[in-house]
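In structure tokens, the next block holds one chain alone, the form predicted alone.
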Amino acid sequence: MHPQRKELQHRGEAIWIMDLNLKDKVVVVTGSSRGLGRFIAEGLAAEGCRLAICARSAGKLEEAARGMRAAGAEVLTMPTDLTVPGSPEALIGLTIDHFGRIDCLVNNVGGNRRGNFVDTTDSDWQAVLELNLNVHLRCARKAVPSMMQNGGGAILFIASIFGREAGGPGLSIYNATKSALISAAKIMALELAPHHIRVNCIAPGSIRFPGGSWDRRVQSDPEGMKAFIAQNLPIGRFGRAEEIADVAAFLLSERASLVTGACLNVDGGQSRSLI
């Protein structure tokens, strides 16, 4: 039997599934009380990871943690705003104190301030730069020494297809910060490769999940969203958050041992860039 595959019985027939070998890995997932971060954390909980999760809302964070614990995962929670100075370092430090190490880091937290470029302010740019870029880099800088000490690790940034190509009017800040994230991750991958630390990005397309922005748009304008899908989504539907979580788990695992410095589109063919 292949050491990284499992045999299961399905309807009386033997099938093979890939074993990601993530059991007991210590993983930090930022922005994990809802949305993509929560789905990623839940997927990793199902893989047997030990998790450190954070969000600004303590109530929503504990609600998410209960579901992960019900799946058998050990979950450390830290209610925090990562844009507050010292908070990213505190999150990583608490995780190391609690678990003794960090194996993987998923930098997911993010946001946007939409508007025409000439109407944006320094405050707008600074706020989104902090949330979409700086807190990710601070978490990574704090986590890397622990990964080095333990012989390696994996860092994953949740970017966007609009970090790889133009997102359209009103998205100057979002586009710039996501592009910067992808660029920084590429250089980190080169620098950290000798230490057996892989660094990658996922670039999601339009992902629909309950309570998310696309879900709200579908409910408020179903005909308009049908037209959007026909024009922009070759696969014929919005992506599902579980599909992002599955790719995240793979990239964090040793099954992706040759993948570093990559930015992987997970978008059903939505993006138009050739790179």
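On a predicted model such as this, the values are computed, not experimentally measured, just so you know. One rule holds for the numbers: they count along the sequence shown, beginning at 1.
Here the subject shifts to the form predicted in complex with a small molecule, a form of this protein not shown in this document.
Looking at 164 to 172, 68 to 76, 101 to 109, 187 to 195, the stretch with residues near the small molecule in the predicted bound form, meaning non-hydrogen atoms within 4.5 angstroms, turns out to be 101 to 109.
Between the small molecule and the residues Ile182, Val144, Leu131, Leu137, the one pair within 4.5 Å by heavy atoms in the predicted bound form involves Leu131. Shown alone here, Trp214 lies within 4.5 Å of the small molecule in the predicted bound form, counting heavy atoms only. The closest non-hydrogen atom of Ala159 lies within 4.5 Å of the small molecule in the predicted bound form. The closest non-hydrogen atom of Arg34 lies within 4.5 Å of the small molecule in the predicted bound form. For Ile92, no non-hydrogen atom is located within 4.5 Å of the small molecule in the predicted bound form, even though that partner is not displayed.
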